[in-house]
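The chain below stands alone and is given in structure tokens; this is the form predicted on its own.
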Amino acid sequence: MKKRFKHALVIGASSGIGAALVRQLASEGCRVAALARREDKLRELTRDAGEDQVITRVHDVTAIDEVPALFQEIARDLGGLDLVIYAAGIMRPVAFDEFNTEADLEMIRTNYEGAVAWLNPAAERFGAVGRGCIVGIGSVAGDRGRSGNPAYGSSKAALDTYLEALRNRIARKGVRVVTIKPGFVDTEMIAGIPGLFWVISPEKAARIILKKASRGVREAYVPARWRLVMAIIRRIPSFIFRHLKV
């Protein structure tokens, strides 16, 4: 059954998919809390989406100690909460023969640890009331151990497994947990990368994501044709895959 959301929290809302999700939700009459590091981008987002519909908080998802109190504050200020979306994510450029531990750990902290810090309290709240929807924005990059950017792919694979485990824990209580795996989306993250295909706009991605969330699907590739592509890639034997610089 399709659900219309009334109170939503989007973590990682300053640009790209996160900002598009805020705009789309606000246009549908949903009250939205938008969280991001960049205050100037949040002000711009509020002007675009409407000050009556959007509240903002400046927050770095690696500041995990801030999360419990901030989560409760946002739920109170919104007047409720029925949708939480973790859209924060970074992908640092890594040369094929580069091993930059600090850059790798930064991606893991943002893409995975921040998600756990925010989605744990969401799961606890929704599980207690027996309703709500959690959405995690993963990536097709998490479906296979790609040599091109090991930490990015593994952070998304970890998020995928975490969301599945969360779903198995709280779905029986009436809570929906949706894993989203986008392909290439026209954002700052992929700017300057050559040879990309099937690139879609953040706005199109947001429309698909909210459609999937409202229906409570377990997992969705965005757009859907990536499901077939990744099914093929997962079946490539390791002795061949290791020679592909992807």
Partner chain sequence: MLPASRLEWIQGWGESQGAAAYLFRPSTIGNLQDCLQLARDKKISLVSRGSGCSYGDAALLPEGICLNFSRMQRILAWDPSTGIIDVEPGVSLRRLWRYVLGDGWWPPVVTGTMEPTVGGCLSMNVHGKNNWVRGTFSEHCVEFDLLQADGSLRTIRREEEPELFNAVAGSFGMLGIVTRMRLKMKRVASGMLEVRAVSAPDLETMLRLTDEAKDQWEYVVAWIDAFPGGKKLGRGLLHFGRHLEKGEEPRPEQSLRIENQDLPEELFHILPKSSMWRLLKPWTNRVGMSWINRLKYLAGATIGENALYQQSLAEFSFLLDYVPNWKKIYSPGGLIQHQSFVPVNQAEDVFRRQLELCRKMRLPSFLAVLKRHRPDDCLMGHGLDGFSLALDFPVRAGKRERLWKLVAAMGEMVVEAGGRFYPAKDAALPGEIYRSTFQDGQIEKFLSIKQEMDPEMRLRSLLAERLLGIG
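Positions refer to the first chain, counted from 1. Model, not experiment: these values are computed from the prediction.
The same protein has a further form, the form predicted in complex with its partner chain, not shown here; the description that follows concerns it.
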Within 4.5 Å of its partner chain in the predicted bound form by heavy atoms, the stretch out of 192-200, 212-220, 23-31, 65-73 is 65-73
Looking at the partner-bound form in the predicted bound form, is residue 157 within 4.5 Å of its partner chain by any heavy atom? no
With the cut-off set at 4.5 Å between non-hydrogen atoms, does residue 174 touch its partner chain in the predicted bound form? no
**Request:** Mark residue 124 yes when one of its heavy atoms lies within 4.5 Å of a heavy atom of its partner chain in the predicted bound form, and no otherwise.
**Result:** yes
*asked:* Even though the partner isn't displayed, in the predicted bound form is residue 105 close enough to its partner chain, meaning a heavy atom within 4.5 Å?
replied: no
Partner-free chain; cross-checking its partner chain in the predicted bound form, the single residue of 165, 90, 129, 116 with a heavy atom within 4.5 Å is 129
Checked 141, 81, 151, 94 for heavy atoms within 4.5 Å of its partner chain in the predicted bound form; positive is 81
